[in-house]
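Only one chain is included here, represented as structure tokens and corresponding to the form predicted alone.
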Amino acid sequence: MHPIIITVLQRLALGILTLFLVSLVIFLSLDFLPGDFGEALLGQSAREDTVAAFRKELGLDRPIMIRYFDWVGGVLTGDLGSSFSGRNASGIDRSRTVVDLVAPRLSNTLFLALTAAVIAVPLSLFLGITTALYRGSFYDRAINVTTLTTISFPEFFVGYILILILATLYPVFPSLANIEEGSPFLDRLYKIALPAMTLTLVIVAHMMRMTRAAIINLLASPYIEMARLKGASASEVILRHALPNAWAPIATVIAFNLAYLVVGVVVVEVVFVYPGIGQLMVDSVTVRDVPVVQACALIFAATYIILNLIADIIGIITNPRILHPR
């Protein structure tokens, strides 16, 4: 078997093992939190036997490992359980499945993340390549100062500044991204303009600087010097010689930031009251809706692991030492 196939299979096995361990950490960490949904709903004045009966109805009285393996088995079959949010102290159960709650919110989050990625990835590659091409120029210094400024601010601060400028002082975009199911595509784009702008400003800085650093690092290689001696122009040296060998680190940075667009979108969704999975997770934590919190956390972890696994595989495939073993 080719070494590259063996290496990719090893990375896939490692990714599956990591996801399993992360699911265990998620389940145990939530279970170890003080209190539970029964106590939160019934209140401190509830009798102990009432709380015990309610916990039994929810299945919270079973041993933790049995509940964990039941949950994992359900996840493998696409069943994430039922939400606690529809239950009440009178025994009436109007709960919905976790999939029904998470699916539309996840779709909204992916739409926001994809919109930001479509803008941020080409922009960061363009800025990274051009700043490396004109290294040391006024353009290079200006872009570096700007990106350092934006990357030093937390997401919520950038969001509030954009709201102040583009929604309050100059009302161009709405401050609340309250999209609804079935909204027209252009209307969705208009309403998510500010959160998409916030995410773009935050991740472009990191991707651009890493792209620039990867290309500049390769420009010191002997084969680049040989290309220059053969009369290749500066743009040809970067685009034809340096950039193809810089794809591995660049792909890793892009995958890391794409994972952040989904995983780190929680703060941005809360700032703009965007109906995504991050906002759902925050609301579920508030009411101690454990099945929904577990599902959201698992989705975040799976997204991060999968995207980093893809970047790792791209780095392996683009490595000539593996492609052409001696």
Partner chain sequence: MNKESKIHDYSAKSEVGFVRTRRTRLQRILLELRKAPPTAIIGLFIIIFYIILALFAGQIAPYGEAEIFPIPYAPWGGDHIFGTDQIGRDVYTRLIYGARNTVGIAIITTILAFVIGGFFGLLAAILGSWTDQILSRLVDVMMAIPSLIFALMLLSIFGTNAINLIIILAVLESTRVFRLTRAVGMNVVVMDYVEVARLRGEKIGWVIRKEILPNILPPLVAEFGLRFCFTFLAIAALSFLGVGIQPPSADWGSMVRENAGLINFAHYDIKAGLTPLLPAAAIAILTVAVNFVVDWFLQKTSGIRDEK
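Here, rigid core means the biggest group of C-alpha atoms that superpose within 1.5 Å across both forms. Remember, predicted model here, so these are calculated numbers, not experimental data. Numbering follows the first chain given and starts at 1.
Beyond the structure shown, there is the form predicted in complex with the partner chain, which is absent from this document and is the topic of what follows.
- Within 4.5 Å of the partner chain in the predicted bound form, a heavy atom is found for none of 12, 250 and 311.
- Note on contacts: among 72, 148, 189, 103, the single residue with a heavy atom within 4.5 Å of the partner chain in the predicted bound form is 148.
- Heavy atoms of residue 274 never reach within 4.5 Å of the partner chain in the predicted bound form, leaving it off the interface.
- For residue 168, a non-hydrogen atom is located within 4.5 Å of the partner chain in the predicted bound form, even though that partner is not displayed.
- Although the partner is absent here, residue 258 is not a contact residue: none of its heavy atoms lies within 4.5 angstroms of the partner chain in the predicted bound form.
- Heavy atoms of residue 153 reach within 4.5 Å of the partner chain in the predicted bound form, making it an interface residue.
- Of the candidate stretches 195-203, 120-128, 160-168, 231-239, only 160-168 contains residues with a heavy atom within 4.5 Å of the partner chain in the predicted bound form.
- Of the residues in 252-277, those that come within 4.5 Å of the partner chain in the predicted bound form through at least one heavy atom are, in sequence order, 263, 266, 267, 270, 271.
- Relative to the superposed core, residue 273 shifts its CA atom by less than 2 Å between the shown form and the other one.
- For residue 298, the Cα coordinates differ by under 2 angstroms between the shown form and the other one after the core has been superposed.
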